[in-house]
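Encoded as structure tokens, the following chain is the form predicted alone, with no partner shown.
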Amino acid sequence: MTGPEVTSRRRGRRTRTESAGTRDRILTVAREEFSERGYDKTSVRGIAKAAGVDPALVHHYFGTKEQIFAAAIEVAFAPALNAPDAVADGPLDGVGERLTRFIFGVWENPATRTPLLAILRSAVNNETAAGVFRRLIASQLMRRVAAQLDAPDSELRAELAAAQLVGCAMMRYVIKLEPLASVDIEQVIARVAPVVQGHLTGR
């Protein structure tokens, strides 16, 4: 069947492939916008313009600006969310080194470091962004790490370990304090891993 009716249907309805492609494009652009401008200066209208779509379509796929940010950082943060697997993959007496090596491996890779930097900068400068980041860290990372530990205060231990690693990452990759910013990563791991081990297991 051909004619105006079919043409209208084709124009009026997106296929699943088209919809997925549009959603992915919006998400990619949103991640770039948050990375370049930060949370405060990024707008739904700006994301829509950069993605070449109507702002209503951005809202349709993601909802509010806060929800778009949450979706964008979850994708960007995805490599780090495999950290609990590093904790589980071996005996507890080596968990500090495994976790430290894994986290710094994510930071040392430029492909994963760039979006992480954007997340940290937005979280530091905006409370809404910080809240989204906290919820992601708590639900998908810290609780999963804590679940691997045999201790009554496992959540506190996991959070202290995370604070140690995030603090070092901030100093090395964001603030770029010397000599930490330039020293060989193996030296950093050798110094930090025992501290992370102590937080996680107390031994």
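Note that residue numbering follows the sequence shown and begins at 1. Just so it is clear, the model here is predicted, and its values are computed rather than measured.
What comes next is about the form predicted in complex with another copy of the chain, which does not appear here.
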Answer yes if any heavy atom of V106 is within 4.5 Å of a heavy atom of another copy of the chain in the model of the complex; otherwise answer no. no
In the model of the complex, does E159 come within 4.5 Å of another copy of the chain, counting heavy atoms only? yes
Partner contact for A130 in the model of the complex: another copy of the chain, 4.5 angstroms, heavy atom: yes
Report whether the minimum heavy atom distance between E178 and another copy of the chain in the model of the complex is within 4.5 Å. yes
So which of 48-56, 64-72, 130-138, 22-30 is the stretch with heavy atoms within 4.5 Å of another copy of the chain in the model of the complex? 130-138
Spell it out for me: taking another copy of the chain in the model of the complex, does every residue among T100, T114 and A147 have a heavy atom no farther than 4.5 Å from it? no
At 4.5 Å, heavy atom to heavy atom, what parts of 95-134 sit next to another copy of the chain in the model of the complex? List them in sequence order, or say none. L120, R121, A123, V124, N125, E127, A130, F133, R134
